[in-house]
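Shown next as structure tokens: one chain only, the form predicted alone.
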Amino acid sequence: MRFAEGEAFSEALSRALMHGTSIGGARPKALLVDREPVADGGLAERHMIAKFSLSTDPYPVVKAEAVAMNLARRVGLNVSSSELVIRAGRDVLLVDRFDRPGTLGSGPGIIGQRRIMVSALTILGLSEEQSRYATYPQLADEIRRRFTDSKQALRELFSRIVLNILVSNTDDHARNHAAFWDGQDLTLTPAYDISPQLRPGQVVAQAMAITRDRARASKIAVALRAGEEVFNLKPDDAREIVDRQVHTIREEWDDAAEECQLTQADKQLVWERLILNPGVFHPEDPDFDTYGS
């Protein structure tokens, strides 16, 4: 918060910030560990990432992500657990770290564990400088080659693309996809960082190209075209995924918004501007297909 408001850091805080590795991202966040005593004298441990709102946010950024994550779970996606809390008058999104599952200590102390995970950027063999070249078809091909239950993983990835489009999450770059690695096989991690972004117009682009001809327009028509050619889905199956998600979001929006503590003003800023923006249902625009490629 001090950095966002232009304040200088104390020497002690500066040293603390330089210790260890960053959890990345442009938004202010922190790593939290919640420890609770259990009957045998050990401790139950919950690892979380806390994401904070800013006074300069042009829309309820944290609440928008909270409700998008909530809706993603409601449509049936495998999504990291999260909850919206308000502390000191500010919105805070708590997201469980699935690479640090909760553990119980046996006797005094804590037994920790960590699951090895790799980003899609690493899976594709790309550097940070090459990240803009990452595409969903490339990731789908790696899923066919190296993932456990590749058929289900492809369906899940397609479903995540559809959800990202429906909630205006255009920040779906290769660092925001990951897989667990057991030393031999890869398995998709739960989805995370489903964060709606402002749409400067009716037509925007996803961070990763969706089709093999590098179409990336944030439109359902583009996703449906990729369903068969990239994700091995029959057209009716791809359409059913889209229809189910749209229906669920419409039917459960009010309940999800209430659960995530959106005010009426928040809902007006988010609904059909970020969530189910009419632009995502417009026909595919050939002139826009390769935008940003």
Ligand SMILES: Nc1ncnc2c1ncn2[C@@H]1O[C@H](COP(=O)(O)OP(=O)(O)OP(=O)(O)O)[C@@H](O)[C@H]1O
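Please read all numbers here as calculations on a predicted model, not as lab measurements. Start at 1 with the first residue shown and count on from there.
FYI, the form predicted in complex with the named molecule isn't displayed, but the following is about it.
Just one listed stretch, out of 159-167, 134-142, 215-223, 88-96, contacts the named molecule in the predicted bound form at the 4.5 Å heavy atom level, and that stretch is 88-96.
Taking non-hydrogen atoms only, Leu126 never approaches the named molecule to within 4.5 angstroms in the predicted bound form.
The closest heavy atom approach of Asp185 to the named molecule in the predicted bound form falls outside 4.5 Å. Taking the partner from the other structure, the named molecule in the predicted bound form has no heavy atom within 4.5 Å of any heavy atom of Arg244. None of the heavy atoms of Arg46 is located within 4.5 Å of the named molecule in the predicted bound form.
This chain is displayed alone, yet in the predicted bound form one of His173, Arg146, Lys151, Arg199 has a heavy atom within 4.5 Å of the named molecule; that residue is His173. Although the named molecule is omitted here, in the predicted bound form none of Leu77, Arg155 and Glu252 has a heavy atom within 4.5 Å of it.
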